[in-house]
Every structure is written in structure tokens, then in C-alpha cells.
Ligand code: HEC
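So this first bit is one chain, no partners, the form predicted alone, shown in C-alpha cells.
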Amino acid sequence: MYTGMLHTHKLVVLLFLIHYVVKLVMLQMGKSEQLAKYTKVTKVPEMILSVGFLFSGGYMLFTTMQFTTLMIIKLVCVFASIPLAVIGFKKGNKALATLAVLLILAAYGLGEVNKAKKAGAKVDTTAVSGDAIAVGKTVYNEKCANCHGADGKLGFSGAKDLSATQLTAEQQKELVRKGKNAMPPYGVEVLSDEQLDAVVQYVATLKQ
């Protein structure tokens, strides 16, 4: 459900942004007649996009319940952009309309930055060095438990049930390195190869 909603949200945001960029270009070029016609024709689709934007975004937000500073700023940008866009385009105010589009762009950019930031800093496992399972558990608790849960079954942000995974060890490693959907990629600057091997070994114990 979360994965489908994530892709839906991305599509809706893209269409929403394109729609407002088209309107902004018309406004900036002084094509008031064409803008009026376009606005009339797209009135219902715009309402659908707006509802889809807010509903899909709200679903993902309250499914994860992770209100980071970047996420809060993103929400402020989104909720500020909507009334600014309505007033800006209705009144033909180029400055307000431009600001609204910039806020939508900023919200999208903050979402991507927030995702990248989830990877965080490198995990310090020196205290348990030499014990692969202990290293893996330390890494798991630091990087994975928020979404997968202590037992691998939590399922926040569309996270899969690790206690029932059918992926091979190599497939798991590739997934961790590349990331998928809401899960950011964890490169060697965050997890060393040894730590990655260890966390995969620890995940295997969740299936026992």
C-alpha cells in the first residue's frame, strides 16, 4: 500500500508542478486570455490533483510518523504555496504566483534531501568488533529498526517483513546499497562491507 501511494504521490506532485509552471509561464508572458481558458478547462483536474497531492502526502507522513525538521519545513512550504497560488493566479499577481511555484519546488527538493539524510552518519561498531552478529545488531538498531522494527515486522514507510524475506544475502546487500522507495541507499561511507555483511547475517536470525 505504501509503495503504491509513494509512486502515486510522486506522479501527482510532478503533474501538479507542471500544471502550475504552465500557468506561471502564461502569466509572466501576459497571455491573460489563454490563461483564463486554460484555468477554466483544467479547474476540475486541478482540484483532483490538489486532493491527491494532500491525501497521498498525508498518508505517507502519518504512516511513517517521522516529523523531522526538514519534513516540517516541507509541510510549511506546501501549505503556504496553495493559498499563494490561488491568490496569485486569481489576481494576476506574478510575484505571488512565482513564489507559490518556488515553494512547491522547494517542498519537492526538501523531500529528496530528507530521504538522503535518512542514511545518516557511519555507525560506530568498534565496541562489538569481532562478533558479526553483535555488529549486525548494532547496525540494524541504528539504521533499520525505525521502519522494520526490532523483530523485522513493523512495516513503517512500506518496509518489508524481514522475518519472512525470500531474498538471498547478495540480493539484500544490493538492495541496501542501492535503496528502494522510501529506503535511502547506504553507501560504503555509511556502512562498510563488513558491517553490511554483518547486518545481513543478523537479519537471518530474525527468520529463526
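Values in this document were obtained by computation on a predicted structure and should not be read as measured data. Note that residue numbering follows the sequence shown and begins at 1. In this text, rigid core is short for the largest set of C-alphas that superpose within 1.5 Å between two forms.
Another form exists, predicted in complex with the ligand; not displayed. Remarks below refer to it.
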Among 154-162, 53-61, 40-48, 24-32, mark the stretch whose residues have heavy atoms within 4.5 Å of the ligand in the predicted complex.
154-162
Are all three of 69, 106 and 111 close to the ligand in the predicted complex, meaning a heavy atom of each within 4.5 Å?
no
Taking heavy atoms only, is residue 180 within 4.5 angstroms of the ligand in the predicted complex?
yes
The ligand contact at residue 186 in the predicted complex, heavy atom, 4.5 Å:
yes
Residue 150: heavy atom within 4.5 Å of the ligand in the predicted complex?
no
Can any non-hydrogen atom of residue 36 be found within 4.5 angstroms of the ligand in the predicted complex?
no
In the predicted complex: members of 185-203 within 4.5 Å of the ligand, any heavy atom:
186, 191, 199, 203
Please determine whether the C-alpha atom of residue 178 is displaced by 2 Å or more between the shown form and the other one following superposition on the rigid core.
yes
State yes or no: after fitting on the rigid core, is the Cα displacement of residue 168 between the shown form and the other one at least 2 Å?
yes
For residue 38, is the C-alpha shift between the shown form and the other one 2 Å or more after core superposition?
no
